[in-house]
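Read the single chain below, which is given as structure tokens and is the form predicted on its own.
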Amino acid sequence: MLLKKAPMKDPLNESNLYVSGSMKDVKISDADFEFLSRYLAMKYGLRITKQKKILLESRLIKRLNVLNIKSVSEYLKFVFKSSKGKEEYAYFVDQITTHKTFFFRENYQFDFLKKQIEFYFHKVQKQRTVTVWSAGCSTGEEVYSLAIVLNELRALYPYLDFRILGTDISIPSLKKAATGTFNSIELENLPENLIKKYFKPVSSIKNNLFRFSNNEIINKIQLGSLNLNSNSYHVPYEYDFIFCRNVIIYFDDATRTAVLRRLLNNLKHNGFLMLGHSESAIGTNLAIESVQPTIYKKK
């Protein structure tokens, strides 16, 4: 499913607990935890250990409160067996994944991207469209960071054009990304001059909201839902750069290698794969070479 244009995290992170006082004693039974861990491993490749049981409970409690459901067992029946389960499923997936992200996270990778593009255009003065995929884009901060970097480079290199794809398994996160709307805290890593250049205040009760306002750039962004554990990825291009950061750390070894292989199938020869700061592709026997920590080049 692709959201045609932009304007329309990692799972179970301890920093994203939600506990309601009225339902704080709700627990996942061993049988329900076994079902969930098996299902999430099979469907999404997520490795949910018993040590994450309390965190999983914390995530699901929010939806129990919203729906006034009294137990996890009842909620799972609602999601997987009721007529309204399909509608709730997107919120279920959203709860079991974390969306911790921020603008220019691991900024050295954006600097590396800029240097690679600068090297190309210093060497070859001709029109080229640079393609970038943010695989696991969450609520869009990475996508818009990439858009800002590439657009800033266009002032120096008029032959540069670009296309950006952002994908995630969380539909609510993608919908937020599609609005291009962020609050002042979410924009705190952006220099003031870039906020003024690319964002406009949104008229609302909360006056600290800003929306990405460059329509020309927005037309170069495409967002869509994609499960990295799928057998194949139907994406629009082969990519010069793929950012897949803080995602594969939650897969088992076999799933991690399979996901990396499928990503590389959609990466151009001599293209670059960016992983998260605690992730590595070393030892996978894939056709890549390490350029620097967390950055790999396809052979």
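Each residue number is its position in the shown sequence, starting from 1. Values in this document were obtained by computation on a predicted structure and should not be read as measured data.
Another form, the form predicted in complex with a small molecule, is not on view; read the next lines as being about it.
Only one of 179, 151, 214, 229 lies close to the small molecule in the model of the complex, with a heavy atom inside 4.5 Å, and it is 229. The partner is absent here; in the model of the complex, the one residue of 222, 170, 145, 131 having a heavy atom within 4.5 Å of the small molecule is 170. In the model of the complex, the small molecule sits beyond 4.5 Å of every heavy atom of residue 241. When the small molecule is considered in the model of the complex, residue 102 lines it closely, a heavy atom lying within 4.5 Å.
The small molecule is not shown here, and in the model of the complex it never comes within 4.5 Å of any heavy atom of residue 56. Interface residue remark: residue 166 is not counted as part of the site for the small molecule in the model of the complex, having no heavy atom within 4.5 Å. Look at 69 to 77, 134 to 142, 83 to 91, 154 to 162: in the model of the complex, residues with non-hydrogen atoms within 4.5 angstroms of the small molecule sit in 134 to 142.
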